[in-house]
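Below, in structure tokens: the form predicted alone, a single chain.
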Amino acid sequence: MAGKKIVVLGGGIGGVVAANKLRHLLKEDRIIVIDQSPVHSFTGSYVWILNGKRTPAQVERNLSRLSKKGIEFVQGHVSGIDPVACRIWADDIEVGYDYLVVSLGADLDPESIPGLCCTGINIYTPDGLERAHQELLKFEGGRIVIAVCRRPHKCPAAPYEAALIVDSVLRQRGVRGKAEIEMVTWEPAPMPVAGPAMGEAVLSMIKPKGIVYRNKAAINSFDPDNNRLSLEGGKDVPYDLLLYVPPHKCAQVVRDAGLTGDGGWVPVDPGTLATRHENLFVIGDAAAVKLPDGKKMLPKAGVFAHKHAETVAAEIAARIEGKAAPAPYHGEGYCFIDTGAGTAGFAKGNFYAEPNPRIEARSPSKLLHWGKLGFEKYWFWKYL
């Protein structure tokens, strides 16, 4: 078959957008998406699983739909990447490539904290969110702790959305007065990379709800027998219901390929998402993108995976067609924060701005909530 072979590893937001954009730009070249799951699960809708507005099945689409767009889909666990020989392995399949886009996201790693696997509910999976929703429907009183265990974690707004959703569900059931809700997080302030104004905007959403915010709290371990978590310094925090954001790590196959740097993620060029290996790009959560101040890193979020994917697709198409390099990614991003009460906040800005990111936040409104709902429908229509 004529043309180049572009392999995209991962069928999440970044992988699906990259494949669609590549197909739009390249008519004769092969585009192959490989993922161990047969379905795409849209993380932008996860918040509504927690309050029962969605089920896991309602936020999924079968990746075989990509074939209608001229994109090949292969279901298989990616077990090996050879960036020198330009080959990958998925189950029993070996595939060579001319260009490789790695969009395998981050693996969740609750095992890295003692006791965590034996207690609480992981709210970063669809099944965990559904289970958490069922627990909230039965909850009659006590302390609910939302624990953000380690840095970095994907979707920085999600724990705050979770706290607001928990508050909303309990109010709707008439039991909020019998419950304490406390957030325990390592962060010095909400979404610290976005700057103090963003942190204040988030706090202005959660504090009026009576949600306790315990910041700069490093979690050492969990005691599932006594329903307590231990912080550095010896402080214990009790809970009756624990909802947690687990530690994250780069996918094992990416680490085994020698792609990661000192921080455990893959260093990439901020503008092109290129790695040190020719024609190999890493996008989304697996990428380590250093911001202009040289200290902070670009957060891990679906919007950045989306933007990365569009940038990389344009870069690959330009290389194949011998055209001038396209404009690099300039650091734009945005985020909805759903309150669970029919409103949503919104923030957008440039994370590559110097000397610090420039972010604008908008107060929650019904219009923004409908905007978030509309984006869900648009996303599925356009990409799957």
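Note that this is a predicted model, so its numbers are computed, not measured. Position 1 is the first residue in the sequence shown; the rest follow in order.
Unshown form predicted in complex with a small molecule; subsequent notes refer to it.
Taking 95, 155, 189, 121 one by one, only a single residue has any non-hydrogen atom within 4.5 Å of the small molecule in the predicted complex, and it is 155. Put simply, of 56, 52, 44, 331 only one has a heavy atom within 4.5 Å of the small molecule in the predicted complex, and it is 44. No residue of the trio 146, 185 and 210 has any heavy atom within 4.5 Å of the small molecule in the predicted complex. Heavy atoms of residue 35 reach within 4.5 Å of the small molecule in the predicted complex, making it an interface residue.
Although the partner is absent here, residue 18 lies well away from the small molecule in the predicted complex, with no heavy atom inside 4.5 Å. Within 4.5 Å of some heavy atom of the small molecule in the predicted complex lies at least one heavy atom of residue 253.
Contact annotation for residue 23: none of its heavy atoms lies within 4.5 Å of the small molecule in the predicted complex. From the list 294 to 302, 213 to 221, 236 to 244, 266 to 274, the contact stretch for the small molecule in the predicted complex under a 4.5 Å heavy atom rule is 294 to 302.
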